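We begin with a single chain expressed as structure tokens, specifically the form predicted on its own.
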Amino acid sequence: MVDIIERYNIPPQKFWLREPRATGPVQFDAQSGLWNVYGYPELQEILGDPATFSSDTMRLVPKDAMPAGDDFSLEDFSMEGFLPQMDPPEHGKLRKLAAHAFTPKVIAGLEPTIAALTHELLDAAGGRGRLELVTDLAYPLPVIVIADLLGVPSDDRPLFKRWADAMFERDGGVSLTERSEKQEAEARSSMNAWKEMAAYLAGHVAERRRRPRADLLTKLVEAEVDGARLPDAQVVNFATVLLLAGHITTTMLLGNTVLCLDAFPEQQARARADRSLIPGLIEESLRYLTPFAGLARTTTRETTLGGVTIPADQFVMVWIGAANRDPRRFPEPAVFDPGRDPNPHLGFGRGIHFCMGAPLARLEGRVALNILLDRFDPLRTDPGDPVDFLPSPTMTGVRRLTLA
């Protein structure tokens, strides 16, 4: 069996890729002050019970967790309209506003555009004599698509990448009890990126109020919830979610799937001969190398999970990557098996926060992989240019993957 950790020197922060934890699916870490949940049935319970496991984690963030200095405060970072931090019923009301942008008909209609963009980006890279998958395809492709849907200039994608890198490329774990100088610097960089991105989108929101267009941002500006227009802060935060989540997931998914095709050439040969196998490849990639491997919840009351009692008002780290390798649900979880059926992975979440962009990410992945298989035979990484991974323990993706 291929040891994918050793083969690609996957950093130790991706601890959930290792053997299943023998000490139980629910554990309290006194050093960080966090409850960690690793088991599949336990995660199903958490994701299906937002009344007990709230997404509003900011309510428990201590004031001294903000970067030091007078230029930051919790008030600067309102989560109003930020879907990942919202609970019912407000969450459902806002989510419906964007649902029409991700209907099966709308998504299917994007396929020719995605195919043309993929060829265009690969042609441009071919002219440079090399292909670095992330820079040349996996990042710009989904950014251009979601930026066009929103109505912001796709030419601004270097800005989007700088902001996303600052917010997500952290190599330290989450802790409520201590913070190193490096973590302080990372937090400051993340908050600065958030403020810059909010200001950028606020400018576009103000412009849509003056001059509406046929784009998703205009629809958000003109939308009403309970008979009232959304305030600018809600529109900006909502747009932030769509722009970030609308590209980061696909970028990681595409890189991870290509990595799996490189690691398991027999699966690549099968998919090359029978393209109907590609959707299964994508689903197994989502399980095997889960892009968003960890997320946070807070308890609203004392509860029992996996036979362990968790008090109220506690931070709970939900390790989706570990749950997707729980042998209680997935036989031989360390085996990459695109024919796994059923494959009820949690790669796109579950429950009310299930990724609304999942159909788009799957389509972008399927189209791009078909074209890559057409143009690269074999599709393999360059042994002279080692794969470089995102450092964050909660995200699984490559930030550089050069194809030979």
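Quick caveat, the model's predicted, so the values are computed rather than measured. So that there is no doubt, residue numbering starts at 1 and follows the sequence shown.
Note that the form predicted in complex with protoporphyrin IX containing FE (HEM) isn't included here; everything after this is about it.
Only one segment in the set 157-165, 82-90, 300-308, 185-193 has residues whose heavy atoms sit within 4.5 Å of protoporphyrin IX containing FE (HEM) in the predicted bound form; it is 82-90. Put simply, C355 is close to protoporphyrin IX containing FE (HEM) in the predicted bound form: some heavy atom of it is within 4.5 Å.
Under a 4.5 angstroms non-hydrogen atom cutoff, protoporphyrin IX containing FE (HEM) in the predicted bound form has L295 among its neighbouring residues. Although the partner is absent here, V236 lies well away from protoporphyrin IX containing FE (HEM) in the predicted bound form, with no heavy atom inside 4.5 Å. A residue is said to contact a partner when one of its heavy atoms sits within 4.5 Å of a partner heavy atom; T250 meets this definition for protoporphyrin IX containing FE (HEM) in the predicted bound form.
Annotation: in the predicted bound form, residues R95, V241 and A361 each come within 4.5 Å of protoporphyrin IX containing FE (HEM) through at least one heavy atom. Residue F102 is the only one of F330, F315, F102, F264 with a heavy atom lying within 4.5 Å of protoporphyrin IX containing FE (HEM) in the predicted bound form.
Taking G246, G255, P140, G321 one by one, only a single residue has any non-hydrogen atom within 4.5 Å of protoporphyrin IX containing FE (HEM) in the predicted bound form, and it is G246.
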